[in-house]
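The form predicted alone is given below as one chain in structure tokens.
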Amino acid sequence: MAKYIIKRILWAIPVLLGVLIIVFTITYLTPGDPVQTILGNGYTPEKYAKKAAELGLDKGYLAQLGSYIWNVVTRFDFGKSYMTNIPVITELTTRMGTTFSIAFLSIIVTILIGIPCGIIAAIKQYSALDYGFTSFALICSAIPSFVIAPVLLVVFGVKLRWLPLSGLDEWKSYILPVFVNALGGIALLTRMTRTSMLETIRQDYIRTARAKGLRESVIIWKHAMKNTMIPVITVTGSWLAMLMGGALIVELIFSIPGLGTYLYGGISNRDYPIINGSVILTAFIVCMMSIVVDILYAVVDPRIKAQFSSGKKKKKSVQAAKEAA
């Protein structure tokens, strides 16, 4: 297991380096002049040259890229904002907790609602509950979050006045952003869990367990659940990046001071250090989430353990994989 975790962490390094290079290149090639934006109209060539040298923009592409990578890797220095002159890392560390809390709570809500709904829909196939959960999942997956969010704001914030309209001043402020961000994941996880559970409960070992007289609850939770979770965890891992990106969009809609609003401000002002730092940090968080999901996948699926075990442990893992199949 340790070898598997180390391998996944090592794979994340070139991914993050690739993201850093791509994002820096895009901002470098983007039309517009940050120096001119900062100085405004009426500047002299001397002032322009001085400001460009101060920001390090008087060098060529490779020199700027090399210097940026060196600062990020060795000192975690993403530069300073062109507009406020505040270090980007300071703002990122302040805002990161807000964005991560929304994304993390969205994941929890997605799992707590999506998996049980999918299991119930599979067990009660062709029942009213099955049709209800399936229809709800299809509707939620068809409507984007930026369409649902204003509707919920009007209903629960303006008309009923049950929930705050913006900010994160109290625990109620998390309800709408988290629910809106998790809605698409709930729809996907419900459908995926239902499909996987239906496939699992039709296997021969489930029929054998029923023939032995085991209770249906024991069959579902002890025998079928583990094999059902293997494809579900895979889907959940691919959805984490979308939940993180959704958290950034939700912050704009609900005026939450997180990475999303910070990134949007950087894009609006052509503040390239903010853009680069925000995207790189988001990519890092997504990579860490993916590693956690991969570890959970290895715990659930004994075939992955078998690839990174040796001796007696490998034989036991192979035997467990054969029994699970």
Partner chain sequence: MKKLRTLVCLLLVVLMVLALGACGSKKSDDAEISKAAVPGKEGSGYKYDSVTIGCSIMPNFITGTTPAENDGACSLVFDEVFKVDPVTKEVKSEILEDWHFEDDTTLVMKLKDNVYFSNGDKATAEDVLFSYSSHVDRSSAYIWEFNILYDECEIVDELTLKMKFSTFYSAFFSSYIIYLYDKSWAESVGWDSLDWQKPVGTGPYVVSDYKIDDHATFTARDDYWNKDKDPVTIREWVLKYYKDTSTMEMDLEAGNIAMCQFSASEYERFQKDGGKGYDVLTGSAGVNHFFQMGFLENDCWYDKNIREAFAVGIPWDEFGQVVLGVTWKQATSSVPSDSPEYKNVGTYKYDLEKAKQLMTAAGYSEEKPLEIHTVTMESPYFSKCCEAFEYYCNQMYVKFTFDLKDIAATINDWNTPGSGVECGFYYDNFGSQDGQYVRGLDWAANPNGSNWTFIDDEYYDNLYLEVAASTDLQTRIAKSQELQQYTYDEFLAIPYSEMTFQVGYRTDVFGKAQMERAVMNSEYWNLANMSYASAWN
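Numbering follows the first chain given and starts at 1. Since the structure is predicted, the reported quantities are computational estimates derived from the model, not experimental observations. So that the term is clear: the rigid core is the largest set of C-alpha atoms that superpose within 1.5 Å between two forms.
The same protein also has a form predicted in complex with the partner chain, omitted here; what follows describes it.
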query: Listed residue (141, 166, 134, 234) with a non-hydrogen atom within 4.5 angstroms of the partner chain in the model of the complex; finding: 166
query: Candidate stretches 188-196, 68-76, 89-97, 239-247 - the one whose heavy atoms come within 4.5 Å of the partner chain in the model of the complex; finding: 89-97
query: Partner proximity in the model of the complex: residue 32 to the partner chain, non-hydrogen atom cutoff 4.5 Å; finding: yes
query: Close approach of residue 290 to the partner chain in the model of the complex, 4.5 Å, heavy atom; finding: no
query: Residue 253: touches the partner chain in the model of the complex, heavy atom cutoff 4.5 angstroms; finding: yes
query: Contact of residue 148 with the partner chain in the model of the complex (heavy atom, 4.5 Å); finding: no
query: Residues within stretch 169-207 having a non-hydrogen atom within 4.5 Å of the partner chain in the model of the complex; finding: 169, 170, 172, 175
query: After fitting the core, residue 267 CA displacement of 2 Å or more between the shown form and the other one; finding: yes
query: Core-superposed comparison between the shown form and the other one, residue 30 Cα displacement 2 Å or beyond; finding: yes
query: Residue 49 C-alpha shift between the shown form and the other one of 2 Å or more, rigid core reference; finding: yes
